[in-house]
Ligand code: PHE
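Here we start with a single chain on its own, the form predicted on its own, put down as structure tokens.
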Amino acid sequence: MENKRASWSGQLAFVLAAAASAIGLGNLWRFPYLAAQYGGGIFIAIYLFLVVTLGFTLMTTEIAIGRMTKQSQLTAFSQMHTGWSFIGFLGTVIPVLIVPYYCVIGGWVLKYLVAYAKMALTGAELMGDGASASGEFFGAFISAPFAPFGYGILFILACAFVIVLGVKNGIEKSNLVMMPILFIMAIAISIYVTTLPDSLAGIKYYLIPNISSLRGESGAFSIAMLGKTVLGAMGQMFYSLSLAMGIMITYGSYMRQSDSIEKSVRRIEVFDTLIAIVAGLMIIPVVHMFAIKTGTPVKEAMNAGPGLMFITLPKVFAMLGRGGVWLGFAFFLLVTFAAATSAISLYEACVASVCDLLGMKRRNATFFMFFVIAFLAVFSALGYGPWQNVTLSALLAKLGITGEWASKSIFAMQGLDFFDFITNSILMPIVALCTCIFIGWVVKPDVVVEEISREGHAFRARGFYVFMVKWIAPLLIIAILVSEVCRNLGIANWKI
């Protein structure tokens, strides 16, 4: 058992680590297509407002809890109040369930990185002429009996190697390498894309507010459409900032007392939002060009879900000729780094919990969690292939439980979608809501205020923070929870 808790070497190291956690697939894939779907600049403006208000409140709370207790999320809440230890348990379940399917998706990205390296070096057309068979390529891969699991395991092993090395020698040093590369590549690719002919229309589509997105079927301004846009931005903010996953509590527990929490959070927000906006400049202009040239409705091309990255973008890169192959390689290398930094932080939240609860050494805890993650990854890796019929609906049918309700929604989801729904749509909002109630009404906000004000740091947003954590944040989180449940279960035909 470690007698002294590990710590970051300084405030910059903490900010880079937290920003690296936040900058993941949520920024590079989900943010661009949501922005395109919800009015471009309107969505971006609402998202920015939520980041500096609700996002600031939740992230500040989690980091302060971590630094105050010097514990991961599993044991931090029990140390503050034994009656609320269940928040720590739920907060630990989230990364344990997310890491397996996140690493499976990381394996998909790794597969595409290898494919583009082969195409760039050999000139092979692995996805057909003009990537015409990109859909078949993707479908064949994710439905294969072993390949998705094999690539996922490679991704998990890479993350485990970093975790074993420790906070300073592993996580911190890996971020010092990957984060600068990620930023440079993101900016370079976005500059290249924005200088392409015909890219201006896509840039306008992305950045200029589209008021028509807030109109209903009658053509008049719709409160319902504004509400959907706000809820979409809130859901993205949760996913993007790594909130309610135990990450910020764990990383906060390694933070030095002399570093400013308030300043750190603001810098993390800047890094995360900058990459999200730059990601849109990388993706939306070229997808817009592709849609116009192929006669595909722009909204349809943008709102392709995971297919945007793995099916549509390869066709876009192919449209750019030989240079597009190298652009594809650079893009998937960038996405690999982004996915790895987020996966490492999720993995660390799991490992830190095991260490804090059982007093286990880091190396042993890392290997223990590797086997847990690998086991759970099987359900997501094979869910589109050999195990596509392994669902709750199938299990209920074998038990003789039938009915219309048993064959719909979450019961019919395969592994990856099921774990994503349970964590992102249910557990994360519940944990965030309980955390706000706990801090706002049980132990009181002054506990967090005092922690942030240590070493003479002035908490400039004190009044705003107290008001948010007690009143506004819980209401917004309840709205997210209700919206996500209705959307995923198809209640009242709700869609976001």
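Heads up: residue numbers just count along the shown sequence, starting at 1. Everything numeric in this text was worked out from a predicted model, so none of it was measured.
One more form of this protein should be noted, the form predicted in complex with ligand PHE, which is absent from this view; the next part is about it.
J.: With ligand PHE left out here, work out from 307 to 315, 188 to 196, 343 to 351, 166 to 174 which stretch has heavy atoms within 4.5 Å of it in the predicted bound form.
T.: Stretch 343 to 351 is the one.
J.: Is there a heavy atom of Y239 lying 4.5 Å or less from a heavy atom of ligand PHE in the predicted bound form?
T.: Because a heavy atom of Y239 falls inside 4.5 Å of ligand PHE in the predicted bound form, the answer is yes.
J.: Give a yes or no for L25: in the predicted bound form, does one of its heavy atoms lie within 4.5 Å of a heavy atom belonging to ligand PHE?
T.: Flag for L25 set to yes.
J.: Answer yes if any heavy atom of Y102 is within 4.5 Å of a heavy atom of ligand PHE in the predicted bound form; otherwise answer no.
T.: The answer is yes: Y102 has a heavy atom within 4.5 Å of ligand PHE.
J.: Contact between I247 and ligand PHE in the predicted bound form at 4.5 Å, heavy atoms?
T.: Contact with ligand PHE, yes.
J.: Which of I98, A76, C159, V286 has a heavy atom within 4.5 Å of ligand PHE in the predicted bound form?
T.: Among I98, A76, C159, V286, a heavy atom within 4.5 Å of ligand PHE in the predicted bound form occurs only for I98.
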